[in-house]
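So this first bit is one chain, no partners, the form predicted alone, shown in structure tokens.
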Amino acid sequence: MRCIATLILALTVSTVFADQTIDVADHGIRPGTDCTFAVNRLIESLADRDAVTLRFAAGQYDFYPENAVERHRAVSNHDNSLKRIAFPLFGHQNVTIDGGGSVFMFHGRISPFVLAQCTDITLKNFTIDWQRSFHDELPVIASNPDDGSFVVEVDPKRYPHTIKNGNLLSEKYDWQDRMGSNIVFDPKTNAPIFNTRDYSINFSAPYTASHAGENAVKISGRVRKSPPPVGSVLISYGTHPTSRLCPAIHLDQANQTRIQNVTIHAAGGMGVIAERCDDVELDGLVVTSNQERIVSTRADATHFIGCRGTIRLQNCLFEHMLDDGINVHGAYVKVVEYLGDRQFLCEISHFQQWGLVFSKPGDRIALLSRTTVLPFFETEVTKTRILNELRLLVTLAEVPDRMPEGPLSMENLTWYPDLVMKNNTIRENRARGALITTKGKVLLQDNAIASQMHGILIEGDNNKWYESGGVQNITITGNTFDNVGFEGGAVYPLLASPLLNETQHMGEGHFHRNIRFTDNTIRSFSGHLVRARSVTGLTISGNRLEFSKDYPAVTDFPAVDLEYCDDVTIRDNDAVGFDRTLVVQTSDDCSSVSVGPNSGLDRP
């Protein structure tokens, strides 16, 4: 009996410990104060504990960089640097941070959440925002097409600026930003204005800023075609290497991560960036501007590089970002030199991927030609030695009998995730809705997309961003595309094509395969449906195109544009409201293309 009682007591104590909830107020963490140091200390105390929930009472909690823990962080698709961190979770397991509906307000250059080498972490029920955003919003109150000048209104409290030597400088928390990358938004739609590229300003060229009255600045400089129109809003978001320093949530080699009912109003980078993570679930994640701003995050709402397992997004809203809704891909690394003895000197290809964990022993990789971007050999990694954040030595289990001539790359085949996206909305943002280049199984269903550029971009390139991953199995069904491509031009709800430069060309084989674009609804001012190149196994069926008058009509491009595609079926699509029959165009190197029956869509 004594042994049984002891066992019951031990199990009870273990259960209580495993389910422990900590009220952060008991550790001096309360609304209305700088909570950074106290939160850092509390998280540090959890290093050896398991199954803990940190519970915040509702309120606004402020976080400043002065007392935050500092570590050098290499963050993919961002700018590497020493970073101050508000919630530094390193190696933690089974931790939940429950904000209780609170606002976590950040000040200056501080990274809200870093989850590195963690397992089973849940973030839920809070909002991330910055007191001073990383971008500036400047309403245009005068515009002169004759000389290319324009006048902007500058809010001295929300977007303070100074003029020095004819340059307009943005005053941030404890630094100044030069005018740099910019885009023009329409405050009526909270989205980039139609053909917004025509109004971009080259602030790297000589320009002059001068006072034009109280809280007004005249800018005279080089515009692309015309100065921004009166009533629009110029969004300026900085210059490299300081414009992408503070993503809201960074997941680094983290497993089983859940982000639930979290809202992100701003970030000095992406909303969520995940690299080499296993299983990530986003449920009810909202990336949107707050009531005082038009724009939300500086870059993508979500971004996943070199992950595996399943990435699952449901019930999410991504809007008003200055880049894509979601991007899922791997990375090509350059082979600098084959050293013999199965050893390769490799280089991280893109400067904003420096420090990337490309491979570890046991990972399966492909060797490929950088000229055709097609693989020719597969094997396993036996050893990876990091030389610095740029270069690494990779030793392979086997090599080809004869190494081909020409530039080569490596691709990690182990770290590609499955992706499930259901019931999400991506809208009113600069750039694309979703970029998908993963060899895993992909399902995009019942989503709504209304992006400035392509709705869904299935790309992959080995020359610019070095984002790898020719798709193998992707289904896009039951989605709604609303006025996708309001930047104008040859922009499509779906573009599937590798990005090739002038030194690259098609090889013997297709880059993408098995893409199904079915039963989607497209409201369109252009009649564009799908553009595809180097795809085998493409089905376009059951889609409905409805003419929209929301933007000027675009009639210069085919509805379906195919180049070097094989095994294509286009049938049972219905185009209504257009004053012409929409065209299916195929190049001479396409094969096995079946068109029809369709309504309002046919070959010329």
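Because the structure is predicted, anything quoted here is derived from the model rather than measured. One-based numbering along the sequence shown.
As for the form predicted together with a further copy of the same chain, it is not shown, yet the points below apply to it.
- Stretch 82-90 is the contacting one of 82-90, 153-161, 224-232, 499-507, since its residues have non-hydrogen atoms within 4.5 Å of a further copy of the same chain in the predicted bound form.
- Though the partner is left out of this view, residue 558 does not reach within 4.5 Å of a further copy of the same chain in the predicted bound form, counting heavy atoms only.
- With a 4.5 Å cutoff on heavy atoms, residue 26 does not count as touching a further copy of the same chain in the predicted bound form; it lies far away.
- Contact check for residue 37: a heavy atom falls within 4.5 Å of a further copy of the same chain in the predicted bound form.
- a further copy of the same chain in the predicted bound form comes within 4.5 Å of a heavy atom belonging to residue 167.
- Distance criterion of 4.5 Å from any heavy atom to a further copy of the same chain in the predicted bound form singles out 391 from the list 218, 350, 391, 258.
- Though a further copy of the same chain is absent from this view, in the predicted bound form it lies within 4.5 Å of a heavy atom of just one residue from 362, 101, 206, 404, which is 206.
- Scanning 53-84 for heavy atoms within 4.5 Å of a further copy of the same chain in the predicted bound form gives 65, 66, 67, 68, 69, 70, 72, 82, 84 in sequence order.
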